[in-house]
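Just the one chain here, laid out as structure tokens, in the form predicted on its own.
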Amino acid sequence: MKFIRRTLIAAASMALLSASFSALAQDIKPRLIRFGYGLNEQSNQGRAAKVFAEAVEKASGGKMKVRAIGAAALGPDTQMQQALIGGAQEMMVGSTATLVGITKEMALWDTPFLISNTKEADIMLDGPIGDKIRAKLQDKGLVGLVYWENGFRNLTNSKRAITKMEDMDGIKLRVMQNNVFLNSFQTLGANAIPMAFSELFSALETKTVDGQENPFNTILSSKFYEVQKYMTVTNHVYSPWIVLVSKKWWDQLSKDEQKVLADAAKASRDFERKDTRDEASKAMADLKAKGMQINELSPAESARMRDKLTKVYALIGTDVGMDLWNEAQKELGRIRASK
């Protein structure tokens, strides 16, 4: 009887010890973060995602690990956004334009010819206006950490060189799933077709659409030169990306863990903007070498387009709120006056 009792006590002790080791193992298991993005690993998005992942792992002492998943493997931006809102995915980076259906104020960044250069972009995005728009996401289940740079968008197509507004007539142009882009290009005469980026190359290849608009870097990294002959440098929209976190997941983190992510996001932003700008400065030459015929839209034609878009500007002001619209115009005036 004593032997049986000693055996039971020993078994109970082993069970407790085993449970303790299991709890310890769980404590030291790294927190895995899935970070989705749309472009391929060799793109500016992919390089910056790697910088972010390394910064998180280093700052957390290995307690947090980012798994960067590119090439839209987790779905297009809109699908990832919903996964974040539902708590099924932790993080992503994507276009602000695809967030307009969730947070209407994001449409400010889609305004054609709003931002003229990178200095204006940095001040607007990182200042009070950018912060105010990011803050709107929290009520929708998302946390916006920082803005990355996609860049100034330019037109490509397989039909003809676009040297004036009338050349856009009838061209089937893929645009982001966003009413500002739809309204803008329809107003300018194109047959604007909303489509997820992940479907774009195939659509260009099969002539489902004739053209698209994106920054130099994306045109190059996505190999659109293989299916597009003409490019027009329009710089019609400065396009940001935004690093997003699921609010459901964010609220489960400690303050220290949140700080690790916020600091790493800022480090990745600084790297990504420099990397994107360095690459953009040589991407046009690379695209020319790949066989694209490139022309630059004249200032006079840009002015004609701006005049044509007056009604679109009024709609954007109404959608984002006239207070925000006027505040943005005032801030841009201040930036330009300080040159």
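Keep in mind that what you see is a predicted model, and the values were worked out from it rather than measured. Residue indices: 1-based, along the sequence shown.
There is also a form predicted together with a small molecule; it is not shown, and the following applies to it.
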Between the options M305, V51, L39, M284, which residue brings a heavy atom to within 4.5 Å of the small molecule in the predicted complex?
L39
Which listed residue (S95, T234, T111, N183) meets the criterion of a heavy atom within 4.5 Å of the small molecule in the predicted complex?
S95
Given 137-145, 244-252, 118-126, 172-180, the stretch touching the small molecule in the predicted complex at heavy atoms within 4.5 Å is 172-180
Tell me whether R47, F152 and D275, taken together, all sit within 4.5 Å of the small molecule in the predicted complex, counting heavy atoms only.
no
Examine F197 and determine whether its closest non-hydrogen atom to the small molecule in the predicted complex is within 4.5 angstroms.
yes
When the contact criterion is heavy atoms within 4.5 Å, does N214 count as touching the small molecule in the predicted complex?
yes
